[in-house]
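Here we start with a single chain on its own, the form predicted alone, put down as structure tokens.
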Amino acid sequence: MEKIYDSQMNVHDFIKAMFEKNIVSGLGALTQLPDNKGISYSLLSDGFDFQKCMPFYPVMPANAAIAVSKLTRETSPSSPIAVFLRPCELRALIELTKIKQARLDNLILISFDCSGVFPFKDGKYPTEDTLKRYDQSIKEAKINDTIRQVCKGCENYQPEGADIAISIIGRGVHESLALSFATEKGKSIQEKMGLTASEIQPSTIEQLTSDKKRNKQELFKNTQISNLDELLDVFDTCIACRACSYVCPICYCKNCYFDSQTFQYYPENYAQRLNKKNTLRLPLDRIFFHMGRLSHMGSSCVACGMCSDVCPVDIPVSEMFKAGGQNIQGVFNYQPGQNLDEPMPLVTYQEKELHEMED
């Protein structure tokens, strides 16, 4: 078990100290927009009012792994930058790093126990009372009733692989930070900060984990598909906007197969299909799109929930993909984002694998 350090600092003091001690030259975190008009993931430098940093704020306006990928894909930052990531965002970033879509050089990865986020529909933020109840659920290590469905069933709510891990469940977001440093990079920061190990009573999270496992099983039960008709029913209202793929951190392809010439239809294509079926429902290939996307990125799905948030017709995309993704991951005995050195199933091939699927 990693040593726990009581920093005697809240998150704002901690961020300020990292700049003052020249540990970082930049910071990526959720911040409050000017005039209190919203929350955005932002890249900040020294001199910013760090009181406006809100890394624990329970919304996900975008998966931060996408932002970090865009920052580091072509080249690494010239000087250290710290980034706050929820555990699912951290796992997504690890997956993107495996396929050369991100670099970890000169990045300091900070993550924390995640109690889930609220659905971010129509840009609506939680009310003050909602936030108070959420903070209370963190202190009591309980599941908040109004967070995303996939968050209620997320067993991977504790960070793995972060340079700095922050424990907030059982403590609260306004207490002094309880920190652990699992990597050499993290331990170097701990020394520069001058932090010494403290006796901190660990949070009892067994019941929380048990509740999340139960919720996950219930979620999977509600998303079971046994035939094509049931699959069609789930995606029946899809309008083929493809917003789910645009916000997915794992759908990284610049040239999507579904935007290729293969799916550029001409009158004769419609005529051929119409002659076979006597009717065509437009837009075409909606189900094919979702099944193709699941087969492409299912083994690396981190169940961040962004796809359900942006669906304009409220299809439970994230629930479906979490259930389908776990089945795929189970076949390959693969946990996305857990180990940087473990290759992704999608980019490996073994001649003698999956023969049982041929029958």
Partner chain sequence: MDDIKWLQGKGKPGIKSFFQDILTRGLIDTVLMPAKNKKGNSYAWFLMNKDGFLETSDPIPPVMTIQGANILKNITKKGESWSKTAVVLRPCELRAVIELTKLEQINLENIILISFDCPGAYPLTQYISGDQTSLDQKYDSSLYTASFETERNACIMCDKFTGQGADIQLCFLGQSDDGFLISAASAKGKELLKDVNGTNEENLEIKTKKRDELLGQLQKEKNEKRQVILDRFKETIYGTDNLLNVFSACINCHNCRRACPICFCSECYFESKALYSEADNQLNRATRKNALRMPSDLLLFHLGRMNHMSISCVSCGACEDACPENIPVSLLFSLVSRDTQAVFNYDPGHSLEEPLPFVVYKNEELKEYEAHYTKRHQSACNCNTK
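Positions refer to the first chain, counted from 1. Here the structure is a predicted model, which means the values were calculated and not measured.
One more form of this protein should be noted, the form predicted together with the partner chain, which is absent from this view; the next part is about it.
Here the marked residues Val247, Leu274 and Pro312 all reach the partner chain in the predicted complex, each with a heavy atom within 4.5 angstroms. The stretch that touches the partner chain in the predicted complex, counting heavy atoms within 4.5 Å, is 227-235, out of 213-221, 227-235, 129-137, 109-117.
A single residue from the set Lys142, Lys192, Lys185, Arg73 has any heavy atom within 4.5 angstroms of the partner chain in the predicted complex; that residue is Arg73.
The closest heavy atom approach of Ile81 to the partner chain in the predicted complex falls within 4.5 Å. Remark: Gln338 does not count among the residues lining the partner chain in the predicted complex, judged by a heavy atom distance of 4.5 Å or less. The partner chain in the predicted complex is not approached by Ile200, whose heavy atoms all lie more than 4.5 angstroms from it.
The partner chain in the predicted complex is approached by Tyr41, whose closest heavy atom lies within 4.5 angstroms of it. Residues from 276-300 that approach the partner chain in the predicted complex with a non-hydrogen atom closer than or equal to 4.5 Å are Asn278, Thr279, Leu280, Arg281, Leu282, Pro283, in the order they occur in the chain.
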